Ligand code: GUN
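Only one chain is shown below, in structure tokens, and it's the form predicted on its own.
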């Protein structure tokens, strides 16, 4: 048992932020035992770590990120999505055929994750299995929580970044077998998106999903072009999401859909029926002008929402930055599209960044009893002589803070 003192803040729901000022958080075997205003008698001899007025918050979850694009963050941001992919992303990803190229990039990405307090993530690699294994291993070595996918592309893709259907399925199955029974880092099926995958590939991945009991991550209705192209290629489907439903890819594990900016009624049906997570990547979709997700409206329809950085269209690893960006874009959405757009606040955004995303991995992302103690201590965010409430410090950190304000990190109950 260990005790941690500070100003403790975590999300109970999208509408309730639990604040325990000047309180004690008890951790037993790496999990939260409880939060106390005063130290109970039974804990009088328990080791104490006093963080003073430090803000103790759950570590962040990033449910959509391209680790392979870390090296190109902040580059080509004047281009629209399709031009950006073809000019920068696809050529750059092709270099991951060489593991020696991949290793330092993945190492830098993982270190930056930790530096910015992201301990749980849904990660796209590339089509290259050897390089993807490097990423998988580095995440395991650090003790992080992740779903990692070897990307699948066999259709309408550049020749230098295109597999045959047979090769894609074979390499994916080997990848799944290599990581069967893994710990906090797990494999996940990763068709890039419907326009880059043949019917044979997507349906083949569905069979692998059922055989190995693994979930899926992909891009869904990210742009109007992507949504229209998906239906052109799969005319027997009425929505982008239904392609994955018909292929048998849903219900085998977590189903993580990135962006979901232009969902149809049937997309909503699929996502609610299969308990999918729609990942809002506000900074990225703003940079490439893909559109703005109607966060609150989708939640009201019963859709699970979480946040993602989508590096490299997003330019920073810190999910706290996406909290601020999601609030900004929700105001624009409400201003220009009031029929769907509704403004969210810091309580809502912080919930998406912590507890909502953490639920994909189990009991992480909050400080309720039984949750894993994955935590950050935030400090040096106030101005001298102007003390702020814990909630105000949290909001300022999300808008104006950076990794220098994260002064301590706890992963699986241990300081790192």
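Residue numbers count along the first chain shown, from 1. Since the model is a prediction, treat every value here as computed from it, not as a measurement.
The protein also exists as the form predicted together with the named molecule; that form is not presented, and the subsequent description refers to it.
Of the heavy atoms in residue 144, none are within 4.5 Å of the named molecule in the model of the complex. When contacts are judged by a 4.5 Å heavy atom cut-off, residue 174 does not count as touching the named molecule in the model of the complex. The shortest heavy atom separation between residue 184 and the named molecule in the model of the complex exceeds 4.5 Å.
Contact check for residue 157: every heavy atom lies farther than 4.5 Å from the named molecule in the model of the complex. Contact with the named molecule, judged by heavy atoms within 4.5 Å in the model of the complex, is confined among 128-136, 321-329, 157-165, 76-84 to 76-84. Interface residue among 313, 271, 188, 247 relative to the named molecule in the model of the complex, by the heavy atom within 4.5 Å criterion: 313.
Only one of 262, 193, 234, 212 comes within 4.5 Å of the named molecule in the model of the complex through a heavy atom, and that residue is 193.
Using a 4.5 Å cut-off on any heavy atom, the residues of 201-240 that reach the named molecule in the model of the complex are, in sequence order, 219, 222.
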